Each structure stands twice: as C-alpha cells, then as structure tokens.
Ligand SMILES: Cc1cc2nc3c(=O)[nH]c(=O)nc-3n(C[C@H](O)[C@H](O)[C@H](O)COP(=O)(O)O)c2cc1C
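One chain comes next, on its own, written as structure tokens: the form predicted on its own.
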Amino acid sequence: MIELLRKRRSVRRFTADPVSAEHRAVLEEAALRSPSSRGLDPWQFVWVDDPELIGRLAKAKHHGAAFLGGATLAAVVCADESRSDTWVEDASIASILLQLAAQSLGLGSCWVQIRLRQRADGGSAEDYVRDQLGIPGGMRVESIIALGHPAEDPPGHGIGSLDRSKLHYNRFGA
C-alpha cells in the first residue's frame, strides 16, 4: 500500500487506449468494496466511456475539468444523501479507493471535484452532471474520477517533500 501512495500522482494526460474490460471490472469491484459509515453504502457509480459524453462532462465546471476530455473512462461518484448523513465522506473514500485501484493497475487518474462547484455561467456543476447523465434528484454528485492509460509518468513526491509540520503528537502543536 505505501508503495502505491509513494507513486500515485494526479494524471491529467491520457493515451487514446481504452481501459480493458478486465481492468474496468477491478475498478468496479474496488468501488463496490469501498467502506461506508454503518455499512449504508449510499454511493452509486456511473461509468462513462462514450467519448462525446466524456467531452461534455469535461465542461462541467469553469476550472479544473477540461483534462477529463482526454480520459477514456470516467467514474462519476454519486451518493443518496437521504440514505446517510455521511454521504460526502463515503463518496470521498470511494473516490480515492478508485484512484488507488487505478494506480495498482498501472492506470492514471485524477479527481474532478463536482460538489459545491460552479460552471462558467454561474450554474451548478452538480446540476449539469446530473442533467447530462439522467441522475435523479436526491442523488448528489461528489466527484468524477478521470481514468485511463497515462500519457505522462510524473514521479511520486519524494519523502523530503512531505510537510512534517502537519504531524502532532498527543496534543495539537506538540
């Protein structure tokens, strides 16, 4: 696990090679194995491999989504807010587990935040994604995970780059 974390980087450039059915099955299993508070599993996942639809999702928000247009697979992570008061945390955990599963398969990934983000026209990114994919009301959209074969291989962050001032022992500030 620590090796995955050491190597993982956000990848924003992908090749045109599709994600294989075998890799997709592993990603789907990883998503469904994601832990959730009280085992309520409020998350649901919309898998998008239609290039035109991925292109429209890349326009979901004003900044930080355009690279999605180069991905060959997108996992839209949603959750039923009426099912759990921890839907944000549960969907976030599922999102990062998808990224780690992708890393373990040699795939690249990058998180596109959707919840609480706006489009260039001032509209809600979440409403736009919901509209594009037919996601029903009450189902919230946390993120889109861009997935594919990396066209770049950025090195992981070295141990020297870690900000150890973020660590505290027994008491904050100690």
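Quantities reported herein were computed from a predicted structural model and do not represent experimental measurements. For every residue, the number given is its place in the sequence shown, counted from 1.
Below, we refer to the form predicted together with the ligand, which is not included among the displayed structures.
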Does the 4.5 Å heavy atom contact test between R24 and the ligand in the predicted bound form come out positive?
no
Is there any non-hydrogen atom of G64 lying within 4.5 Å of the ligand in the predicted bound form?
yes
Quick one: does H157 come within 4.5 Å of the ligand in the predicted bound form, counting heavy atoms only?
yes
So, W111 and the ligand: in the predicted bound form, are they within 4.5 Å at any heavy atom pair?
yes
Partner contact check in the predicted bound form: of 50-58, 30-38, 131-139, 112-120, the stretch with a heavy atom within 4.5 Å of the ligand is 112-120
If you apply a 4.5 angstroms heavy atom cut-off, which residues in 4-27 are near the ligand in the predicted bound form?
R8, R9, S10, R12
